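This document opens with one chain alone, in C-alpha coordinates, the form predicted alone.
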Amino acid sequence: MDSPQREWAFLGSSHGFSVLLKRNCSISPKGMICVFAMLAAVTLSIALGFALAGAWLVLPFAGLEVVALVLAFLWTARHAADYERIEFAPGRLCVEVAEGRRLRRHELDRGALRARHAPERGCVVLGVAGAEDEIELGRHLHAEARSGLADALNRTLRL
(Lines give C-alpha, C1' and ligand atoms only; values in the text may rest on other atoms or scores of the structure.)
Protein backbone atom coordinates (compact mmCIF):
# COMPACT_ATOMS: atom_id res chain seq x y z
CA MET A 1 0.00 0.00 0.00
CA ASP A 2 1.23 3.48 -0.82
CA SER A 3 2.42 5.76 1.92
CA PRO A 4 -0.17 8.45 2.82
CA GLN A 5 2.36 11.14 1.97
CA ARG A 6 2.24 10.12 -1.69
CA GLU A 7 -1.35 11.36 -1.88
CA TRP A 8 -0.37 14.85 -0.75
CA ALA A 9 1.25 17.55 -2.83
CA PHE A 10 3.66 19.40 -0.56
CA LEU A 11 4.39 22.91 -1.70
CA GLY A 12 7.13 24.51 0.35
CA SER A 13 7.38 28.24 0.62
CA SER A 14 9.62 30.62 2.47
CA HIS A 15 6.90 31.71 4.91
CA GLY A 16 5.43 28.37 5.96
CA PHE A 17 4.07 24.98 4.97
CA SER A 18 1.29 24.15 2.51
CA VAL A 19 -0.61 20.91 1.83
CA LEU A 20 -2.91 20.48 -1.17
CA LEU A 21 -5.39 17.57 -1.09
CA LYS A 22 -7.14 16.79 -4.38
CA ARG A 23 -9.38 14.14 -5.86
CA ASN A 24 -7.80 11.33 -7.83
CA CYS A 25 -8.95 12.15 -11.37
CA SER A 26 -7.52 9.34 -13.46
CA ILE A 27 -9.42 10.22 -16.64
CA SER A 28 -9.36 13.47 -18.57
CA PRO A 29 -12.58 15.29 -19.48
CA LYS A 30 -12.05 14.34 -23.13
CA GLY A 31 -11.60 10.69 -22.13
CA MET A 32 -14.75 10.85 -20.01
CA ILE A 33 -16.74 12.18 -22.98
CA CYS A 34 -15.43 9.32 -25.15
CA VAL A 35 -16.42 6.73 -22.53
CA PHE A 36 -19.86 8.33 -22.17
CA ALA A 37 -20.37 8.41 -25.95
CA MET A 38 -19.42 4.74 -26.29
CA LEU A 39 -21.73 3.69 -23.44
CA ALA A 40 -24.62 5.69 -24.89
CA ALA A 41 -24.01 4.31 -28.40
CA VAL A 42 -23.91 0.69 -27.18
CA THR A 43 -27.03 1.15 -25.03
CA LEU A 44 -29.02 2.82 -27.79
CA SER A 45 -27.90 0.38 -30.50
CA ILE A 46 -28.94 -2.62 -28.38
CA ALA A 47 -32.26 -0.93 -27.62
CA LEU A 48 -32.77 -0.16 -31.31
CA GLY A 49 -32.10 -3.81 -32.18
CA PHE A 50 -34.75 -4.93 -29.70
CA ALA A 51 -37.16 -2.27 -31.01
CA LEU A 52 -36.71 -3.53 -34.58
CA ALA A 53 -37.39 -7.06 -33.32
CA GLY A 54 -40.72 -5.84 -31.93
CA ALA A 55 -39.85 -5.02 -28.31
CA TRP A 56 -40.26 -1.28 -28.74
CA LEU A 57 -40.70 -0.67 -24.98
CA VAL A 58 -36.96 -1.15 -24.55
CA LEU A 59 -36.29 2.25 -26.20
CA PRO A 60 -37.75 4.46 -23.42
CA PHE A 61 -35.82 2.57 -20.76
CA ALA A 62 -32.61 2.90 -22.77
CA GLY A 63 -33.32 6.63 -23.02
CA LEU A 64 -33.70 6.80 -19.21
CA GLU A 65 -30.39 4.97 -18.85
CA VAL A 66 -28.65 7.51 -21.10
CA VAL A 67 -30.21 10.38 -19.10
CA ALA A 68 -28.85 8.79 -15.89
CA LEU A 69 -25.42 8.55 -17.53
CA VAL A 70 -25.56 12.24 -18.47
CA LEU A 71 -26.46 13.20 -14.89
CA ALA A 72 -23.62 11.08 -13.49
CA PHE A 73 -21.21 12.62 -15.99
CA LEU A 74 -22.28 16.16 -15.04
CA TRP A 75 -21.91 15.44 -11.31
CA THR A 76 -18.45 13.96 -11.85
CA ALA A 77 -17.36 16.90 -14.01
CA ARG A 78 -18.62 19.41 -11.45
CA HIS A 79 -16.60 17.87 -8.61
CA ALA A 80 -13.45 16.92 -10.57
CA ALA A 81 -11.58 20.03 -9.45
CA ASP A 82 -12.50 19.84 -5.73
CA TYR A 83 -9.58 20.41 -3.38
CA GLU A 84 -8.53 21.29 0.16
CA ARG A 85 -5.51 23.53 0.81
CA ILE A 86 -3.92 23.91 4.25
CA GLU A 87 -1.29 26.61 4.69
CA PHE A 88 0.68 27.28 7.84
CA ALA A 89 2.09 30.75 8.32
CA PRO A 90 3.56 32.37 11.43
CA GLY A 91 0.77 32.55 14.01
CA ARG A 92 -2.10 31.51 11.73
CA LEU A 93 -3.56 28.68 9.72
CA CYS A 94 -5.43 29.16 6.43
CA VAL A 95 -7.74 26.44 5.15
CA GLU A 96 -9.33 26.70 1.71
CA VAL A 97 -11.99 24.17 0.67
CA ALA A 98 -13.37 24.09 -2.89
CA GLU A 99 -16.44 21.92 -3.52
CA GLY A 100 -18.16 22.30 -6.86
CA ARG A 101 -18.63 26.02 -7.40
CA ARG A 102 -18.38 26.87 -3.70
CA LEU A 103 -15.11 28.10 -2.19
CA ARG A 104 -14.73 28.50 1.57
CA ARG A 105 -11.71 30.09 3.21
CA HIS A 106 -10.99 29.91 6.95
CA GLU A 107 -8.22 31.74 8.81
CA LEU A 108 -7.60 30.55 12.36
CA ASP A 109 -5.22 31.38 15.18
CA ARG A 110 -2.75 28.52 15.31
CA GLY A 111 -2.28 28.49 19.08
CA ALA A 112 -5.25 26.44 20.31
CA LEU A 113 -5.87 24.28 17.21
CA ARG A 114 -6.02 20.49 17.41
CA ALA A 115 -6.55 17.92 14.65
CA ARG A 116 -8.06 14.49 15.16
CA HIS A 117 -9.00 11.64 12.87
CA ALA A 118 -12.77 11.05 12.97
CA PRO A 119 -13.30 7.67 11.24
CA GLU A 120 -17.06 7.75 11.87
CA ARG A 121 -17.32 10.95 9.80
CA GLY A 122 -14.76 9.91 7.20
CA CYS A 123 -12.53 12.95 7.66
CA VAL A 124 -9.97 14.76 9.76
CA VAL A 125 -11.56 17.28 12.10
CA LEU A 126 -9.58 20.44 12.72
CA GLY A 127 -10.87 22.60 15.53
CA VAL A 128 -10.00 24.96 18.35
CA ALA A 129 -9.80 23.20 21.71
CA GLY A 130 -13.02 23.80 23.64
CA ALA A 131 -14.90 25.44 20.75
CA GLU A 132 -17.72 23.93 18.70
CA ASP A 133 -16.46 25.29 15.38
CA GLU A 134 -14.74 22.57 13.36
CA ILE A 135 -13.39 22.23 9.84
CA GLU A 136 -13.53 18.85 8.09
CA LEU A 137 -10.53 17.91 5.95
CA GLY A 138 -9.22 14.88 4.08
CA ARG A 139 -12.40 13.81 2.31
CA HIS A 140 -10.30 12.76 -0.71
CA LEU A 141 -7.92 10.51 1.27
CA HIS A 142 -8.29 6.92 2.39
CA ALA A 143 -8.54 6.13 6.13
CA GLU A 144 -4.82 5.47 6.69
CA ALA A 145 -3.86 8.72 4.96
CA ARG A 146 -6.41 10.66 7.05
CA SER A 147 -4.80 9.37 10.22
CA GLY A 148 -1.38 10.38 8.90
CA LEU A 149 -2.73 13.82 7.99
CA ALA A 150 -4.05 14.35 11.53
CA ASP A 151 -0.66 13.36 12.98
CA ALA A 152 1.21 15.64 10.57
CA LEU A 153 -1.09 18.56 11.33
CA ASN A 154 -0.65 18.12 15.09
CA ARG A 155 3.15 17.91 14.73
CA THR A 156 3.20 21.06 12.62
CA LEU A 157 0.83 22.89 14.97
CA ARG A 158 3.18 22.20 17.90
CA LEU A 159 6.16 23.87 16.16
Partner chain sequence: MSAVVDSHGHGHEHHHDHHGGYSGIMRWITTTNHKDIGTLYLWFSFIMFLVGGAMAMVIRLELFSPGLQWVNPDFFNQMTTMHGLIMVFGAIMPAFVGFANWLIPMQIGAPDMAFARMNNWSFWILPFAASLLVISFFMPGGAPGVGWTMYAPLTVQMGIGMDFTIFAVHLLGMSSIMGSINIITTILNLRAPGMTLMRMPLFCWTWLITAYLLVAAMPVLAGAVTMTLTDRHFGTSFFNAAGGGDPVLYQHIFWFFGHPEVYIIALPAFGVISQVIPAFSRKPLFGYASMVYATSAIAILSFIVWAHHMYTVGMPVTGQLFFMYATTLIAVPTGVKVFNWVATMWKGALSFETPMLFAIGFLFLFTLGGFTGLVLSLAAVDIQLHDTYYVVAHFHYVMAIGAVFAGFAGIYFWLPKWTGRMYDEKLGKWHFWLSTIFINMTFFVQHFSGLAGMPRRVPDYPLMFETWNKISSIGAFGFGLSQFLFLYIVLKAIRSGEKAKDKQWEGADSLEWTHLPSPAPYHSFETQPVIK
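Residue numbers count along the first chain shown, from 1. Predicted model only: the values in this text are computed from it and were never measured. Definition used throughout: the rigid core is the maximal C-alpha set that superposes within 1.5 Å between two forms.
Separately, the form predicted in complex with the partner chain exists; it is not shown, and the next lines address it.
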* Structure fact -> Picking from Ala98, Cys94, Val125, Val35, the single residue whose non-hydrogen atoms come within 4.5 angstroms of the partner chain in the predicted bound form is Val35
* Although the partner chain is absent from this view, report whether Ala112 comes within 4.5 Å of it in the predicted bound form, heavy atoms only. => no
* To do: Consider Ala55 of the chain shown here, and say whether it contacts the partner chain in the predicted bound form, taking contact as heavy atoms within 4.5 Å.
  => yes
* Asked: With the partner left out of view, is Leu108 within 4.5 angstroms of the partner chain in the predicted bound form by any non-hydrogen atom?
  -> no
* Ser147: touches the partner chain in the predicted bound form, heavy atom cutoff 4.5 angstroms -> no
* Structure fact -> Near the partner chain in the predicted bound form, with a heavy atom at 4.5 Å or closer, the residues from 47-84 are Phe50, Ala53, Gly54, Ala55, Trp56, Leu57, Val58, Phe61, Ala62, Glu65, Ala68, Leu69, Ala72, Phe73, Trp75, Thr76
* Asked: Core-aligned, is the CA shift for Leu71 between the shown form and the other one 2 angstroms or more?
  -> yes
* Asked: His142 and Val35: do their C-alpha atoms lie closer or farther in the predicted bound form than in the form you see, with a change of 3 Å or more?
  -> farther
